[in-house]
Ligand code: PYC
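Consider the single chain below, provided in C-alpha cells and representing the form predicted on its own.
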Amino acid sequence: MDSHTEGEPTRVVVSGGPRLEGATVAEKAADLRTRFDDFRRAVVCEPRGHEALVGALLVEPEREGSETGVIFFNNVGTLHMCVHGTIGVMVTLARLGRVQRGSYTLDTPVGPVLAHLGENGLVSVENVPSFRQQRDVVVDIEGIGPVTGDVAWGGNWFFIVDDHGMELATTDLEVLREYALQIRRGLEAAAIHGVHEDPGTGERTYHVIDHVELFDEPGRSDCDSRNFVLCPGGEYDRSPCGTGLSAKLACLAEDGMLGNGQPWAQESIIGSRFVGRYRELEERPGVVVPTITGGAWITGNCELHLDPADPFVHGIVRS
C-alpha cells in the first residue's frame, strides 16, 4: 500500500515478503540486507518504484504488546529508522482496519517507537532517544572550503549545517544536492563517523554519516526554519525529515534554544510541515526523546508482480 507523508512517499509491504531469520527486528533487517537485497530493489527501485521511494516491510514484533515490527529501506539499502515512514505505516494499518485512533508501539531495528494515530490523518511519533555527538565539526571540502556542522543522531546519523550561504529553494535542487553530496564525501574522506557506545561494555560502533541536513529561514509564517535533507541514496527528502528533525531538536535542546515540550515547526524544501517537541531524559544528560507530528495520505493499493522472465525483475541496478 502506497502513501505519502507530507510529500515523501512510502510503500508498505503488508504481505508476500521474504521469511526473515532473527529474534529481533535488527537481526531481521540484517538478514534482509544479506540474503534478500533483490527483494528490496524489486520493491522500491525502477521500474516498479523510483529513487525517492522508501519501503517498509512489516515483520513480527519482538516485544510483547507491540503492534508490529517494521524494517525501512530505500534505493540503496536498509535504514536504521524512518519517522515519515512510520507515519505512513500507521495510516496504512488504519486503512487495513488493524489500528484505530490511539497509541501503538512499533519495533524498529534501533528500538521501539510509540506512534499515536489522531484526527485528520495526523500521526505523532515518539522517536528513539536522540543526541548531538559533536558540535562545530569542520570539514574541508574541495572546491568549497571549510564547512562547519554538528554530528547528531535522530534515528539516523546526520551532519547538520546552518551556516552554508545557500538559498534553500526548489529552483536550486540540483545545486543543493551536489553541495550536500560534496559534504558527505568530505566526511568520508576525513573519516568522521557517528559513534554508538554500549552503556554496559563501553564498546563503540562506528557508522557512516549518510544524511546531510541544511537549515535556513522558513518560507512559511507558521514555521521556525526550512531544511534540505540529502538521503543515503542521493535523493532529497520531500518531507521535513522526522529523524533529521529529531537530531535538530537534540541540538536545539543542548544549545538552550528550545525548552522541554516547546514546539518547533519545521518546513521542508517543498513547503510541507512537521511539528517537533522533545522531553528530556534526566538519567541521560544531553539525550532527548523527540515527538514528531505530521500527516500522511494513502495514494494507492497495488500488487507487485515479480516475473522471472523479466530482465529487470529485481529492479534496475545503477552503477
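Each residue number is its position in the shown sequence, starting from 1. Since the structure is predicted, the reported quantities are computational estimates derived from the model, not experimental observations.
Just so you know, the form predicted together with pyrrole-2-carboxylate (PYC) exists too; it's not on screen, but the next bit is about it.
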Open vs blocked, site of pyrrole-2-carboxylate (PYC) as found in the model of the complex, superimposed, 2.4 Å to backbone or C-beta: open
Answer range among 232 to 240, 173 to 181, 198 to 206, 101 to 109 for contact with pyrrole-2-carboxylate (PYC), defined in the model of the complex as heavy atoms within 4.5 Å: 232 to 240
One residue of 89, 247, 125, 82 in contact with pyrrole-2-carboxylate (PYC), assessed in the model of the complex (non-hydrogen atom, 4.5 angstroms): 82
4.5 Å heavy atom contact, residue 132 to pyrrole-2-carboxylate (PYC) in the model of the complex: no
Residue 156 within 4.5 Å of pyrrole-2-carboxylate (PYC) in the model of the complex, heavy atoms: yes
Contacts with pyrrole-2-carboxylate (PYC) in the model of the complex - residues in 175 to 214 whose heavy atoms fall within 4.5 Å: 211
